[in-house]
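One chain comes next, on its own, written out as structure tokens in the form predicted alone.
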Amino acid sequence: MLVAILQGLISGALVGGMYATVGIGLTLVFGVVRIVNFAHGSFLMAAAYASWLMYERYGIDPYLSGLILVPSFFVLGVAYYWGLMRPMVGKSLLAQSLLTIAVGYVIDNTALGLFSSQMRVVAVPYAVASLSIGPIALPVTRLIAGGVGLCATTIMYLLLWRTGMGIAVRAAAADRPIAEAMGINTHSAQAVVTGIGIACAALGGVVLLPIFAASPSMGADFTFLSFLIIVLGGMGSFFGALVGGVILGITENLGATFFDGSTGHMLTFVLFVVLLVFRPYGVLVRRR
């Protein structure tokens, strides 16, 4: 029992690190652009399918495909901001939400039309490999997911808190009129942040593909998971999203370890409801 709990905790924390990266991408866009991107998980799903196609047709390893897909989705995210999100800046929450929901539906249904509802799996040789530490066996794919998630989170932290661009981005998020008065191009800052957010979603799709099969429904699933992460950590909180992703990964993994699939998955919804009742501002955010 103790070994199963330890393995569940470690495995959940590892995949939770990647969840956190995906959630941080969503919370960055909300924190700077002030638009809730309901299409966030759909971009993750699109990247997962693109990685699968590159593996099936050209034999490119899913992790290596990330070197192409993550920069490509960054550019796509910048174009997404300038083409669709910028006209919605400052508009009503309803208009903003309807736009991003519609984008998500377009991406999801395009994937459904192209690939059908059949789940797509990459049969990489290391998918079933594991590293044994005493009695605990850790899947290699989850170790990679945790390591990539930690590196990506560290890079984003350094980018936002240790560079001039990061200062401009945080200034635009804190007070847009004052930032513009000081010569900061807030629209460019928001475009860059949107690109980073979509790139985080693409990174999640690439890294999680060897763990979870690609399917059109995974877009909606990961959009919900991303919202759950930022509810756990507090809307707009960078470090809260990191903690929220780890908590979610552990909850999901322990649920799958000790319960059947549907019951284990239901625990994430139970956690969501409990947090909304008792900690609606997030576990790391004090009520203002």
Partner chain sequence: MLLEVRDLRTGYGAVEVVHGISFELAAGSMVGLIGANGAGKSGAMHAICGLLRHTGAVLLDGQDLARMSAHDRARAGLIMVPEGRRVFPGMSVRDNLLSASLHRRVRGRAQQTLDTVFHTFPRLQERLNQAAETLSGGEQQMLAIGRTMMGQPRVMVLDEPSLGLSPLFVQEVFRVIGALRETGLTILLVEQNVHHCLELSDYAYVLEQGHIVLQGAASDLLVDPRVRAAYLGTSNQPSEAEEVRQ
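As the structure is a prediction and not an experimental result, all values here were calculated from the model. Residue numbers count along the first chain shown, from 1.
From this point on, the text means the form predicted in complex with the partner chain, which you will not see here.
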| property | result |
| --- | --- |
| Option from 193 to 201, 178 to 186, 208 to 216, 147 to 155 whose residues, in the predicted bound form, bring a heavy atom within 4.5 Å of the partner chain | 178 to 186 |
| Contact test in the predicted bound form: residue 83 vs the partner chain, heavy atoms, 4.5 Å | no |
| In the predicted bound form, residue 107 touching the partner chain (heavy atom, 4.5 Å) | no |
| 4.5 angstroms heavy atom contact with the partner chain in the predicted bound form for residue 164 | yes |
| Close approach of residue 75 to the partner chain in the predicted bound form, 4.5 Å, heavy atom | no |
| The single option of 133, 129, 174, 94 touching the partner chain in the predicted bound form, heavy atom within 4.5 Å | 174 |
| Contact residue in the predicted bound form, chosen from 88, 168, 111, 103 - any heavy atom within 4.5 Å of the partner chain | 168 |
